[in-house]
Each structure stands twice: as structure tokens, then as C-alpha cells.
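Single chain ahead, written as C-alpha cells, the form predicted alone.
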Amino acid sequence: MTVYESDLPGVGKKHEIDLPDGSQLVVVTHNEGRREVFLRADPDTDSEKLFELPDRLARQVGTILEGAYFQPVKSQDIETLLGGDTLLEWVDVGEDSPIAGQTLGESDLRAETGASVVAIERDDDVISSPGAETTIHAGDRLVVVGTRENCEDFQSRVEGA
């Protein structure tokens, strides 16, 4: 991420922040404290004003964005308890997974582990209720339902352990 700073004589400062998608976030901080936030979709277009904040609110929002109030902790394992011992869990299919390239039917995951694949997240798409003919690709994230033991067996099988 690149941040460009420039003086705006008689106004304040301007910060331009390069975003991953090629757009730019532009923040103008006025001498009296007010902030204006703009989005420039690409270098050849004008900025579009998103919002304006007074000084005090801008400082509060800044501390929230900075993580002063809450530091998110990313977990490697995602699981949701549905009730009793039934879990909804997300399992990533690695490049070297023995099931990559197989259909769900060929993998025989449900029969071998007791856990069922209820959806597949692939890139920006979601395949809900995939059938036995659905091919599993490396990089897929499988959404699985089963008991904790079923899900652990499923994870081991996908990892090839």
C-alpha cells in the first residue's frame, strides 16, 4: 500500500492511498479538523466524495479502524455448532489433497467419514447442494456438516492423513 501526502496551502493536507483494486482513497484534512473522504476509481477519473466527518468523529472512527477498541483474531479453523454435537465446518482443499480432481461421488467422503458436503466455495462462486457428479478442485473450500468426530475424519481424509 502506497500513501502519498501533499500540502494544500490554506486548506490542509491531502493523503492519497492506493487500494488493491487500483482505485485510490483520498482523504483531505482541513486546517480546522474536518475530513473529506473521496474515492477515485482509476487515475483518469475525478474523485467522488463519499462522506465528510467533523474532527472529533473522524478521530473516533480512526481509532476504531486502527483497532484500539477491538483487535480481530483470525482463526485457522472455522466451525459453527448447530446443536448437540452437529457442526458446520469449512475445510480447504490443498494442492496435494488426494481428493482434488475427484467428484464427490468418487471421493466417497460421506460414506467414509459420515460428514456431508453442503456447499463448495470456489473463487467468488458458491455451489450449494453439490451433487455426486461435482468435481472437487484444489483451492476449493468445502462446507461440511457432521458430528465433531465426522468433521475431524473428513479433514484428515481431505489432507491425506
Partner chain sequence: MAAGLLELGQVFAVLAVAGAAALRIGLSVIPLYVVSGMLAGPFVAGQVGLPYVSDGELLTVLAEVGIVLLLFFLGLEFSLDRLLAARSRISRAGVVDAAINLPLGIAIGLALGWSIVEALLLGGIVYISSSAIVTKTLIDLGWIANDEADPILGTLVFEDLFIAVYLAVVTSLVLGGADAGLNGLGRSLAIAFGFLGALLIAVQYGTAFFSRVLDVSDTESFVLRILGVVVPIAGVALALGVSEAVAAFFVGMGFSTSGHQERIERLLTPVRDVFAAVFFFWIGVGTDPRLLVGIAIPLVAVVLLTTPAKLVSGYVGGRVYDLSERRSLRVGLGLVPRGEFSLVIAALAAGGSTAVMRETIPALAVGYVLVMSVVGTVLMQRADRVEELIDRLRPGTSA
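Keep in mind the model is a prediction, meaning the values are calculated, not measured. Residue numbers count along the first chain shown, from 1.
Quick note: we don't show the form predicted in complex with its partner chain, though the next part is all about it.
Note on the interface: of 99 to 107, 114 to 122, 127 to 135, 33 to 41, the segment with non-hydrogen atoms within 4.5 angstroms of its partner chain in the model of the complex is 33 to 41. In the model of the complex, every residue of the candidate spot (Asp7, Val11 and Thr45) has a heavy atom lying within 4.5 Å of its partner chain. In the model of the complex, none of the heavy atoms of Val93 sits within 4.5 Å of a heavy atom of its partner chain. Among heavy atoms of Glu16, some come within 4.5 Å of its partner chain in the model of the complex.
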